[in-house]
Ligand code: SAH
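Take a look at this single chain, the form predicted on its own, given in C-alpha cells.
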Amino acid sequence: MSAGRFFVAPAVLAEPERVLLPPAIANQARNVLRLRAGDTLTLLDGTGMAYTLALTEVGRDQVQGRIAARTLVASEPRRQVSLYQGLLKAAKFEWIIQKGTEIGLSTIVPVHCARSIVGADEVSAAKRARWRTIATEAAEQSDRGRVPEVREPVKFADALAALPPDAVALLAHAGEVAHAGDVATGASLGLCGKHIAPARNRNPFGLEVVHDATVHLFIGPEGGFAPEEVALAQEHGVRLVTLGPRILRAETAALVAATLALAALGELG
C-alpha cells in the first residue's frame, strides 16, 4: 500500500523509469514519511489518473523512482458541481474550500456580493495561492483524482452573465421559494427535466441521473443575498431553492447544498 498521495505536474512523469520528485514532495517522503528504496507512494497528474511510484533512491539530495502501475482514480466524481460562494472572512472561506474539496466539488468561485464583508480587491495573490494549496492538500487527503479549480474572485453579476445558456443553476434563498418541494426528496434542488428523471428504485433523494449535468450552486455571504441580487439571478434563469426551515450560516449552507447536489447526482454512493 502506498504511503502517501501527491499531485505533481505532468512533466514530472515524463520519464516513467526515472521520476525525480519535486523538492517539497521529496522532503515529505524522506523526512516525514521516512520512506526508503523499495517503498511506494502515489503520484497524481490532476486528470484523474494515479501512478504508483516504486522508490529506487532516497538520498539527501534527491528522491527518485519508477512508475510501477497506472490506474484511474475510481473515487473522483464523474459529474461536476460548481460552488459560487459569496466572499467570507478568511477562515470560513478556507474551511469551505477544504471541506468542499473533500466531498467532491469540481470548481469553487469566490463571488463578491452586495453584502460581502470582504471585497474582491482584498484577495491578494498570496491568498489565492493559499486557497489552491488548501484545495490540493484536501484533494490528496480525500482520495481525489483532481484538484478543484479555485477561480479568481468575480462580481455576482459577472458570474451570472458567464453561465452557460442551458446551465442548471441554483441559488439558496431563505425567503419563499415557489415549488421548492421537500428537501428530503431532492426536488428542492431543481434537478429535473432533461438532466434528471425520477428513479425507479428511489434513493433517499428520489432522483436518478439520466444526463450529464454540471450543477452551479450560488451561496450568499454573511447576511445572504440582497433582494436585487435574487431578482437578477432569476432574470438569468437561476432557480431559487431552499435548504430547509432553519437559517444556516453561509459556510454551513455551502456544504449542505453541495452535499445534496452530489447525492442527487448519484455521487455519494
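Not measured: the values here are computed from a predicted model. Numbering starts at 1 and follows the sequence shown.
Another form exists, predicted together with the ligand; not displayed. Remarks below refer to it.
The stretch in contact with the ligand in the predicted complex, judged by heavy atoms within 4.5 Å, is 235-243, chosen from 58-66, 235-243, 24-32, 41-49. Interface residue among H173, K99, R146, R79 relative to the ligand in the predicted complex, by the heavy atom within 4.5 Å criterion: H173. Though the partner is left out of this view, I247 does reach within 4.5 Å of the ligand in the predicted complex, counting heavy atoms only. The ligand is not shown here, and in the predicted complex it never comes within 4.5 Å of any heavy atom of V19.
Under a 4.5 angstroms non-hydrogen atom cutoff, the ligand in the predicted complex lacks L255 among its neighbouring residues.
At a distance threshold of 4.5 angstroms between non-hydrogen atoms, V215 is out of contact with the ligand in the predicted complex.
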